[in-house]
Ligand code: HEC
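Have a look below at one chain only, the form predicted on its own, in structure tokens format.
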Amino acid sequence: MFPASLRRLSLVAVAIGATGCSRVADVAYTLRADAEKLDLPAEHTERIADYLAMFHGTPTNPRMALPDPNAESPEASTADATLVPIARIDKPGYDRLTLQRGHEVYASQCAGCHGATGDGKGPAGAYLNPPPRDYRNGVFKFTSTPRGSKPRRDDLRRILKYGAKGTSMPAFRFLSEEDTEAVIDYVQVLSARGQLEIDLIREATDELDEGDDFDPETVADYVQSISDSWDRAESELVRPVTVNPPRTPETVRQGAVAFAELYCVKCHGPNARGSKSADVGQDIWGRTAYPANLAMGMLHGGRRPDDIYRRIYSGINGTPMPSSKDPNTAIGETPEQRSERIWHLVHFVTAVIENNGVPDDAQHAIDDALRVAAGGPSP
């Protein structure tokens, strides 16, 4: 009998082979199921599809367009008028031929899991746990930027090159630099398209009555805002506040104390193994969020010291994992002191990974800290 992991991979291979990645990716883009569930008027869903095609094209002819800042503002259309076109230019750096190449790479390597629209519902997606990422809301979990920000291109390159350990996202080290950059561009198109779709659905639901039409200037503002958020990310790299100190048994012990005192134990447990029964809520994709079992060493966002520091400092996008960057001003803690504690936590997590569990000395430190917090005597 094959192990469960091998059986799952076999099912994935069958699913991809039966469907064919190219056929998955060559179908027309479809609107989100949200639009159907909300029962939007037909003219609103048609307008949404028109605007998405206007700025982001089709799977085989994708584009990353922006409103032309030098064009006159279009007049708003009326309910019985044809769609008012918005003057557009291609975003600098997003060549249409490169985007077509990105689509081809995505079709052959990514769509089987992530789906034609980036919804995470490719034919293999149903067999994977955790499921493939849905790019369409513009949220990416593992970034080097602050919580709530888009990833930098380097973040996407790294995921492509090394994959995400502990998930079914493989490493694509065989991709050429040209193909890597092209598919990153295309993933950004899918994400920007999906986020614009959400904005337009929200606009139709909250602001428009049946018979109303979208204001083209509002649509243009949505497009520009989404583009700006991607551009800002390139300058938003989270840099540690302090330098990583040398790791010693004492810094590991201090990290264990911080693990207890900063409430990491609430989700990850005093043994750092997480818990399937811990009710920590759902992630932004609507799935139950389970705390990571740190002892397994499967840190999806990477296990370099800087990676772990950023996960603790900024939290994890789209999940209940919070930011721990703010110092405790009630005890006079400074940003530098909080950064030092975060580095100690990094040392503790690294020791847990290397030990396949909490080392004995660190476990005693956690137990002592929890006993003191509960009103017991100091060790």
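Because the structure is a prediction, the values reported are computed rather than measured. When you see a residue number, it is the position in the sequence shown, counting from 1.
Unshown form predicted together with the named molecule; subsequent notes refer to it.
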**Item:** Heavy atom contact within 4.5 Å of the named molecule in the predicted complex, the stretch among 89-97, 206-214, 285-293, 240-248
**Value:** 285-293
**Request:** Report whether the minimum heavy atom distance between residue 41 and the named molecule in the predicted complex is within 4.5 Å.
**Result:** no
**Prompt:** Taking heavy atoms only, is residue 103 within 4.5 angstroms of the named molecule in the predicted complex?
**Reply:** no
**Touches the named molecule in the predicted complex: residue 275 (any heavy atom, 4.5 Å)** = no
**Prompt:** Is there a heavy atom of residue 319 no more than 4.5 Å from a heavy atom of the named molecule in the predicted complex?
**Reply:** yes
**Request:** Kindly indicate whether 299, 311 and 345 are, all three, within 4.5 angstroms of the named molecule in the predicted complex, using heavy atoms.
**Result:** yes
**Message:** Within 4.5 Å, heavy atoms only, which of 109, 271, 137, 229 is in contact with the named molecule in the predicted complex?
**Reply:** 109
**Prompt:** Judged by heavy atom distances of 4.5 Å or less, which residues of 113-128 approach the named molecule in the predicted complex?
**Reply:** 113, 114, 128
